[in-house]
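Shown here is one chain on its own, the form predicted alone, set out as structure tokens.
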């Protein structure tokens, strides 16, 4: 009889509200996977981030990185504190180190409006928002973040780096995701978001997109300049399916998109490479509300569901994908009655209330 595989999960709660929302996520993952016989999860707790840097002078010790890299998946809470910075003024951000060192080129940012929440946009079509931003997460304008050139306190330069190998993997990821979503009833559309009319690096980005698009004739490949996309996300975001873009553009537009779904507390994410993946909410460490029970755990919980789905697909574990679907459905049905309203949306539903509602829905299904 074959022994069920044990998958190791590196758990990095991080800073601020990260340590408050991580336990809820782990408990709900346990509830969603209860009874699964095809796999086991083994959690490896690790420490990194601004608080560690403040205490020890080191934000991401090499042994911690090695343990995270050795795990089957990495689950991260939130990293960084506004008042804790490196000598050059940059915030502590081990999550960026993970993306770059593990080649996590595809930043996956799903945007979906949950039932029961007050709409951000007045148009009724906004209630069915369901699109995904694919943000290149290893190069672009972020590539030189640690090597910014400042000359004579007069001029500063950052370099945008776009490479063919990363673009090809990124675009293939986006087209394959669109094909998978098309099977579930979505349009099967990928939009390349760029600034190809001004920047040569972006024209190069678009050219490679068009080359890869020819390999996916059943997917509708489109283009949109990034400034026009910012406008379109407010005017008609329901028209989009999968959007793929450079690192900095993705950083900005993913926050705009999260607002359309109710706020950063509703926005999960994954950073995926060929061998590794990190799962974390899009929001930061929110030190202004840390310790007050106000933190919205929804994005963290949904990031856990993304992790289960990725593990299931990567290792051929249908039970893991089923658990991911159960956890996602529990979140959606918890919000559906319209009782939950997180603090960032002007409500009073805190960490415990949201967690209890999702756990109740899981137990009922």
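Residue numbers count along the first chain shown, from 1. This is a predicted model, so every value here is computed, not measured.
One more form of this protein should be noted, the form predicted in complex with adenosine-5'-triphosphate, which is absent from this view; the next part is about it.
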Contact residue in the model of the complex, from 133, 282, 192, 76 (heavy atom within 4.5 Å of adenosine-5'-triphosphate): 282
In the model of the complex, the residue from 121, 264, 84, 224 that sits within 4.5 Å of adenosine-5'-triphosphate by heavy atoms: 264
Would you check, heavy atoms only and a 4.5 Å threshold, whether residue 186 touches adenosine-5'-triphosphate in the model of the complex? no
Heavy atoms within 4.5 Å of adenosine-5'-triphosphate in the model of the complex: does residue 255 have any? yes
Should residue 71 be classed as touching adenosine-5'-triphosphate in the model of the complex when contacts are defined as heavy atoms within 4.5 Å? no
With a 4.5 Å heavy atom cut-off, would you call residue 169 a contact of adenosine-5'-triphosphate in the model of the complex? no
adenosine-5'-triphosphate in the model of the complex reached by all of 100, 104 and 278, non-hydrogen atom within 4.5 Å: no
Of 156 to 164, 289 to 297, 176 to 184, 236 to 244, the segment with heavy atoms within 4.5 Å of adenosine-5'-triphosphate in the model of the complex is residues 289 to 297
Which residues in 340 to 359 have a heavy atom within 4.5 Å of adenosine-5'-triphosphate in the model of the complex? 344
